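Next up: just one chain, as structure tokens, the form predicted alone.
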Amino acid sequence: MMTSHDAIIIGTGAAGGIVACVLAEAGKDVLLLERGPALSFSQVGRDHLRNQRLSIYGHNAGPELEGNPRVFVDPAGNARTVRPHEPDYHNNAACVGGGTRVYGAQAWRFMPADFRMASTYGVPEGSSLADWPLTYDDVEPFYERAEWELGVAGDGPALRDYVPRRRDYPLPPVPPSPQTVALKRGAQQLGWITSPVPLLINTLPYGRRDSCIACKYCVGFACPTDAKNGSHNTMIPRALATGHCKLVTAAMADRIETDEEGKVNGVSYFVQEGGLAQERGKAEAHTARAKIVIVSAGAIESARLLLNSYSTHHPNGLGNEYDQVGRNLQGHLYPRAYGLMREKVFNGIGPGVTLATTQFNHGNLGVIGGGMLADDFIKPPIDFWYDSLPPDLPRWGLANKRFMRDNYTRVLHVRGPVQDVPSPEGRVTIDRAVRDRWGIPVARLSGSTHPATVVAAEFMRSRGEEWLRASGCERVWSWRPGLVLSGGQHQAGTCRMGHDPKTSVTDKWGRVHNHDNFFVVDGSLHVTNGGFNPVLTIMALAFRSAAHIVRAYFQCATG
């Protein structure tokens, strides 16, 4: 079956949904492909043992555990096949909305210095640290657009001196909780700046949707009142309402098609019968042609698709003339610290994250970059048990039960992402010996972040302990970070933007070098990933790239 469109977009996450909306509202005929289903609230579920944050026994927003393997190569060079719920898979959700269906929705802007890391710190030996080909000022109007079109709750003036902005957030921040009071007291004692955590959550009714009811299920779960703002409930419904966007779920992109001259002209993909996991052979093959093709499948899957789209003209994959596709995979190391308070600091009111310090994102002696620290989202008891117990506490037995009973409400958590210093050896390649249920070679993950990232993470871990002690914790514990591959739900960097095709995959708009009509628009573009959750930057760049595509490719046709 063959169809023809103005644009094909692969992926419905934070970026893909936005690009689809902007193009469809400009009157363009858009085909939007999503490998997963459109999950209802009940389909996402609230299983404490199987969710996107604690996936020991499975998860709740895809991809399906069977038929979607990857290959992980450990530091000793040993390769093994991993399933989507296992840690070394570096999973992100696979459903309409992508990770935004179940994320925690922290909506930070990157700081101006985050766009010029190499100029600020130099380039450590063995790293691929580089400046972005654009500045904070280039992105700022699109940060504002994302905040207002999707809905972000926060306090802009609290950080205006560090992150310039022209307009405040459309919604007030989430209210403080008992831990907010304790942490603010500790920060004041230390002389640290703090601010509410910006969240893509309706603290008041917004966008014709209800406000947050402060339930205990936020990060890793779907919102019962639809107050958590993702592409699935904001931009994609707008795109579909135009009549110009067709959404196809259970659609797995096989390869980007090119013509006899090597020019991108469409996508081949499989559609699963009934939208459910079936045996191979139950899927129907499709090909669609388009003037513009946009890949928004996430840093790992976008790189995988480009590498699998090899041909006579592109023997190493699309955009990979200089072996750059899949390199510089980064996410975030996430130092964390815990402290035991005398009083209760957990009141069961969500989402849980309320207060952060950005005191240490830059300007730390002997550290490249730094990061943000904030209190944590509410954890179900089993998540607390897996993640938060003191290292010397028995993992079972009477002492463990007593600690859980007496201290679940008295443990104060702080954590946050640190600026990754990317390594060219942290990468995605393809493994042709292992294939998914569609018969497509899977992603092969190898390498690690740069050792300078571990230095930054250790520095931030110490700051976390310091903050907890100042806040009144009578006992503090944490774990030293190690050198690992950094990807996970904050995955970025595998199709980084830049001016030079020899060191980057796309230009500053996400257009793949040497291709006039082929774009990557998602976290793959990030040259560096900031010391913050990256989703608002992904969204801002999606608005920016989509506006450019409309202006540069369709303006003449629309007048």
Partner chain sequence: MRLTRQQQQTLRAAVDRIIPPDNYPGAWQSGVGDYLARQFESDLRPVLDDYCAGLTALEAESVARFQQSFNLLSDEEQDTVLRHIEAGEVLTAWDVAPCIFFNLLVNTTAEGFYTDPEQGGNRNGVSWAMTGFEEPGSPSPGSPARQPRWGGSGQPAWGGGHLQ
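Everything numeric in this text was worked out from a predicted model, so none of it was measured. Residue numbers count along the first chain shown, from 1.
Only in words, not in the display: the form predicted in complex with its partner chain, which the text now covers.
Although the partner is absent here, R255 sits far enough away that none of its heavy atoms falls within 4.5 Å of its partner chain in the model of the complex. In the model of the complex, at least one heavy atom of P224 sits within 4.5 Å of its partner chain. Interface membership of K379, defined by any non-hydrogen atom within 4.5 Å of its partner chain in the model of the complex, is confirmed.
Heavy atoms of D47 reach within 4.5 Å of its partner chain in the model of the complex, making it an interface residue. Between the options R402, R432, R185, H313, the residue in contact with its partner chain in the model of the complex by a heavy atom within 4.5 angstroms is R402.
For the options P124, P164, G472, P170, the residue carrying a heavy atom within 4.5 angstroms of its partner chain in the model of the complex is P170. The candidate site formed by R160, D323 and T357 is entirely out of contact with its partner chain in the model of the complex, as no residue has a non-hydrogen atom within 4.5 angstroms of it. Comparing 343-351, 73-81, 463-471, 359-367 against its partner chain in the model of the complex, the single stretch with non-hydrogen atoms within 4.5 angstroms of it is 343-351. Interface residues of 405-425, taken as those with a heavy atom within 4.5 Å of its partner chain in the model of the complex (partner not displayed): R405, Y408, T409, in sequence order.
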